[in-house]
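Quick heads-up: it's one chain on its own, the form predicted on its own, in structure tokens.
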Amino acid sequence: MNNSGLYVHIPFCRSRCTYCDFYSQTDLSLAPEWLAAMKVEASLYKDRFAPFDSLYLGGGTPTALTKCRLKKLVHTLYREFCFKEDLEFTVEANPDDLSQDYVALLKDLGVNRVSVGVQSLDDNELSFIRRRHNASQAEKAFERLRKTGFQTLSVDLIYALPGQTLNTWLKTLHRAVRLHPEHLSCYQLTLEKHSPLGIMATRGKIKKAGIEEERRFFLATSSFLEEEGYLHYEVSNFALHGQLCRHNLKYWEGSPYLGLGPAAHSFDGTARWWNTRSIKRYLRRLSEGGSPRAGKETLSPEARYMEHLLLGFRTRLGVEIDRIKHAPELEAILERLQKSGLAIIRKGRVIPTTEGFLHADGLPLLFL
């Protein structure tokens, strides 16, 4: 089992943003118990995965942990698991958590990639989605990271917010590229049912962007960032040459990964399993000597094939023609995709175009 990745879900945030539906809680009083339980869970998987070449701390907000607890977490991982020398070590961070002392700690712990949750560089938008930082704080956080020696930084941004115009979004992109990030993740707003924005939309207090408006945002984002030298390598992700996120590529390429913590998912190449979303249930099960798993599935060859198509058509890697050669009317389908501008054929692969990314969920259905 090669090129495994390790993900740790830190289930704490100092406050909840209006768009978020990821599992987290704002009560940090359980952090010590969670840290002890996570150590127990880690021991359950000792020697079950090949040495990891990527480590990703996500959440939640990893930087919501105190410096002492983050240090304990990382040291626990280093003790329990084997990592390759060229490890990609990513930590998600909120700009307002990145004091000089915290940035220095990240550097000392061996973190070499920081993904900063900027979301917007418009103060009105940041206030609307209840982010704790403003645009200036985000820019100063980048300055601290650079001065401390971080050479690989990523920016998370959200577009198609209620009331946002294409002009205000492009202003955010202009400010973002002036920070010279090596990587950007630009996510279209999804109104999750149980998020505050989702509830507001259900009650008619806000209106979701229309399909054509979302299309304009998407194409304008891709065009602008590619002109700035970024490769649009996955539906929502852009990177300078050689700066693709190694850890996230594992999800899209079907490589093995282990997930620790509440709501974390794992995949060993054949089976997938996931943990309970409840931190209290997670703590109780591990304290009683049990497993925090909430479910498991072994993928059939048919399911693996469908997943390979679904994930492949989300990236510029596309899908190998050899994997779909048994599809009926294959030649006619490939010809139609190329004529419509949704895909190109290169080096034996079907590769979605930017326009094709807009239809990424539908392309696999053509080859069933």
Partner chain sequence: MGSLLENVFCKVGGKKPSKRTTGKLHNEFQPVRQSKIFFYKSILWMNQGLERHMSQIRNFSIIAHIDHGKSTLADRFIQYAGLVNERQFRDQILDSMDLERERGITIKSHTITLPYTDEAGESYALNLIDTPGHVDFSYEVSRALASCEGVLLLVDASQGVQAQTLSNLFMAMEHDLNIIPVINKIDLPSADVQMVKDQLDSELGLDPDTAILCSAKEGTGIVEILQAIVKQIPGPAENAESPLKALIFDARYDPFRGVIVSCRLFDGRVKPGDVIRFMSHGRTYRVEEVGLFRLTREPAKNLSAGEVGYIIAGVKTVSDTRIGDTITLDSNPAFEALPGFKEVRPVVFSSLYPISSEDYESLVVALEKYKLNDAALVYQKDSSAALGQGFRCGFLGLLHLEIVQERLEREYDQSFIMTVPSVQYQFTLSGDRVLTVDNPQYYPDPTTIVTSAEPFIRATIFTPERHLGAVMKLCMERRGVNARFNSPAPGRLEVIYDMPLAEVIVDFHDKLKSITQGYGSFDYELAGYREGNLVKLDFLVNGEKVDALSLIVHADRARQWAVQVCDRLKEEIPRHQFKIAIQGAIGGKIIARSTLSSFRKDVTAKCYGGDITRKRKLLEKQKKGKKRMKMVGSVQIPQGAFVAVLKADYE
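Positions refer to the first chain, counted from 1. Computed from a predicted model, the values in this text were never measured in an experiment.
Here the subject shifts to the form predicted in complex with its partner chain, a form of this protein not shown in this document.
- Site annotation in the predicted complex: the residue of R175, R284, H265, K71 reaching within 4.5 Å of its partner chain with a heavy atom is H265.
- When its partner chain is considered in the predicted complex, only one residue from F89, F142, W252, F150 comes within 4.5 Å through any heavy atom, namely W252.
- Although the partner is absent here, D108 is not a contact residue: none of its heavy atoms lies within 4.5 angstroms of its partner chain in the predicted complex.
- When its partner chain is considered in the predicted complex, D27 lies well away from it, no heavy atom lying within 4.5 Å.
- The closest non-hydrogen atom of E226 lies beyond 4.5 Å of its partner chain in the predicted complex.
- The closest non-hydrogen atom of E33 lies beyond 4.5 Å of its partner chain in the predicted complex.
- If you check its partner chain in the predicted complex, you find no heavy atom from any of L44, L258 and S278 within 4.5 Å.
- Partner contact region in the predicted complex: 212-220, out of 80-88, 124-132, 212-220, 285-293, criterion any non-hydrogen atom within 4.5 Å of its partner chain.
- If you take 236-252 and check each residue for a heavy atom within 4.5 Å of its partner chain in the predicted complex, you get S236, N237, N248, Y251, W252, in sequence order.
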